[in-house]
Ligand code: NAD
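One chain comes next, on its own, written as structure tokens: the form predicted on its own.
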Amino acid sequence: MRILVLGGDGYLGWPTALHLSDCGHEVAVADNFARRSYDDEMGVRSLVPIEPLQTRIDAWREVSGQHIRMYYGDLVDAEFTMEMIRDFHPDTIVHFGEQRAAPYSMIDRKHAVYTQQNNVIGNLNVLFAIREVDPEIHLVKLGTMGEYGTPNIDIEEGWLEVTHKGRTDRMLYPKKPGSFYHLSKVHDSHNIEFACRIWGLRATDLNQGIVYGQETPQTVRDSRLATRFDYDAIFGTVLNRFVIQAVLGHPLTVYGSGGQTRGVIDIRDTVECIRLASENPAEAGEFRVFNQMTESFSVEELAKTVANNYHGNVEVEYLENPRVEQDQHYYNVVHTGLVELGLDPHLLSNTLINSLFGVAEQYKDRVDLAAMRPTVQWRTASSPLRVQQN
């Protein structure tokens, strides 16, 4: 199968490309290296050093004998997007190529507008290119569980059967996103569903939980194949950040009471979910949705799990929550679709957390402590946050 991975230089795009190539698929990656430019803008860097994309591709060819093609360009450029898809003519397009951080989108008007323009217009250009080049191309789009918010009912996989005043219909599950980034993902989902319904395209929307981990069976084969490990308050995922804070002897920073519950997934399961969705495509005209998570925890539970597994003394610090979200809420997510396709999940374990401690220990000299403190506030872009007493 020919698979084009958009955003193939990123935290998840790169290991996904390696996994698909290792499974025998012909893979190409595309990127405009915007994610690397965000590091320059924010004055941060990946905890684990990452090589230039061409170096990574060359290293993969050395260790595997497999070649990955590379395209450089911006999905917001409709002509580039069209010509790339026409040139490679994939069976499947895996779309990671968007600005992925909620805090980044909430910095100010400029970052909110950039996030929505980059994500929504880029995705529209992909849809129009698929329609023009080959409507049989299967789009596998990375969404987020954050599209749903935290409703007081079970979260179904994308669709909900509703009975109202004696009549019943199947409709897209209601969305209540919590940032301009999450809103961009909702817009993407609506645009993709529309394209499937009107043009007969085929698409799988993967509403992904918070990803943790940094290594996959492919990335550990050579240090040049390493993917990003972000820990800062803008781009760092919560479990990865807690691990680094523990290693540094820094308090684990929990926002609010820590009662916010979220779905999570191991990075190894992320890449496998992409393979399963790609090898089992949606039908023509079908907008298929999977909730791509394996288990759920409150933020406080994650902090305590990290603290209990670290060999040293670890404190938990409760900060005033910079976000506008419920501290305590109902959260029950249906996530059976990918398991039915064959996913055998890696659940959060002591072994995995201890391996992350090793990664953090190896590169702890690269950490900028100030970067872990939240500075972006949802209500206003104002002063630093006040520390609450536990």
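One-based numbering along the sequence shown. Because the structure is a prediction, the values reported are computed rather than measured.
Absent from the display: the form predicted in complex with the named molecule. The rest refers to it.
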With a cut-off of 4.5 Å between heavy atoms, is Arg35 one of the residues that contacts the named molecule in the predicted bound form?
yes
Quick one: is Glu272 in contact with the named molecule in the predicted bound form, heavy atoms, 4.5 Å cut-off?
no
Is Val306 near the named molecule? Define near as a heavy atom within 4.5 Å, in the predicted bound form.
no
Looking at the partner-bound form in the predicted bound form, is Thr216 within 4.5 Å of the named molecule by any heavy atom?
no
Could you tell me which one of Thr150, Asn118, Ser298, Asn191 places a heavy atom within 4.5 Å of the named molecule in the predicted bound form?
Asn118
Scan Asp74, Glu279, Glu286, Glu83 and let me know which has any heavy atom within 4.5 Å of the named molecule in the predicted bound form.
Asp74
Among 194 to 202, 313 to 321, 94 to 102, 241 to 249, which stretch has residues whose heavy atoms lie within 4.5 Å of the named molecule in the predicted bound form?
94 to 102
Can you tell me which residues in 236 to 266 come within 4.5 angstroms of the named molecule in the predicted bound form, by heavy atoms?
Thr237
